[in-house]
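Form predicted alone, single chain, as structure tokens, below.
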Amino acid sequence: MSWIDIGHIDDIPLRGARLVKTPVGCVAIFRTAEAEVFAASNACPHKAGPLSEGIVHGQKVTCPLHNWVFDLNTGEAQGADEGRIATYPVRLDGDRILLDGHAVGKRSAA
């Protein structure tokens, strides 16, 4: 894995998200707890709603346009909605957020 340092955990509000520009494209970073982050595509597959502007709850995000809910672990839509968002490996190294740039690049090229 090729880890990219994308910022400090405090750059993302608790139960919030930020859109991060990386060398391989934009990725939404979600902070679900004091020391828990997820990385995923920013576009909802339904109407391309900006998921980084959605509501973060538990380990899920709700699209701000039409209330589709996605599991941030798997990217799967919840309930009756069908669809999936890309998810990417992300980890914390102390207070720094590291994103696997190789995985983001691979999925962006697909």
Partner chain sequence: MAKKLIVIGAGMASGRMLEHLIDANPDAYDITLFNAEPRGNYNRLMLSPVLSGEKTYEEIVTHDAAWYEERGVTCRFGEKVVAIDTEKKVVTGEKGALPYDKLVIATGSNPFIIPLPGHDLQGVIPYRDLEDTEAMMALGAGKRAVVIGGGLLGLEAAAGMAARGTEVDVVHIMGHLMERQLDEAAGYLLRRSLTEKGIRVHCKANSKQILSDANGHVRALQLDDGTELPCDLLVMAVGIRPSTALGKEAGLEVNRGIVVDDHMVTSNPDVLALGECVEHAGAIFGLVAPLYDQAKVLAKTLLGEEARFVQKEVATKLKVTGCDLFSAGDFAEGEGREDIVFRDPARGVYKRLILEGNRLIGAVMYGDTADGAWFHGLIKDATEVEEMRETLIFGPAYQGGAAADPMAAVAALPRDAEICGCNGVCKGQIEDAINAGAGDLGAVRATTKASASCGTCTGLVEQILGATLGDDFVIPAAQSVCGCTDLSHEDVRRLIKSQELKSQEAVWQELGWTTRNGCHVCRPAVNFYLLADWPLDYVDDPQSRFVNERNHANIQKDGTYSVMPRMWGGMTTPQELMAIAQAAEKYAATEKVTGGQRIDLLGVKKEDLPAIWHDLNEAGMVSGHAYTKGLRTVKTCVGSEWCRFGTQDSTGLGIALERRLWGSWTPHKVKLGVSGCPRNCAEATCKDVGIVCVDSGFQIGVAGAAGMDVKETERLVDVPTEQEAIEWTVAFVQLYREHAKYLDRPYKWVAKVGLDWVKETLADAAERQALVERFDLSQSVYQKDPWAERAKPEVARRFHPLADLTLEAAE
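If you're wondering where the values come from, they're calculated on a predicted model, not measured in any experiment. Positions refer to the first chain, counted from 1.
Beyond what is shown, the protein has a form predicted together with the partner chain; the following relates to that form.
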item	value
Contact test, all of Thr32, Glu36 and Asn67, partner the partner chain in the model of the complex, heavy atom 4.5 Å	yes
is_contact(Ile85, the partner chain) in the model of the complex, heavy atom dist at most 4.5 Å	no
Interface membership of Leu92, the partner chain in the model of the complex, 4.5 Å heavy atom rule	no
Contact flag, Ile4 vs the partner chain in the model of the complex, heavy atom cut 4.5 Å	yes
Contact of Ile12 with the partner chain in the model of the complex (heavy atom, 4.5 Å)	yes
Heavy atom within 4.5 Å of the partner chain in the model of the complex - qualifying residues of 56-85	Val56, His57, Gly58, Gln59, Lys60, Thr62, Pro64, Leu65, His66, Asn67, Trp68, Val69, Asp71, Gln78, Ala80, Asp81
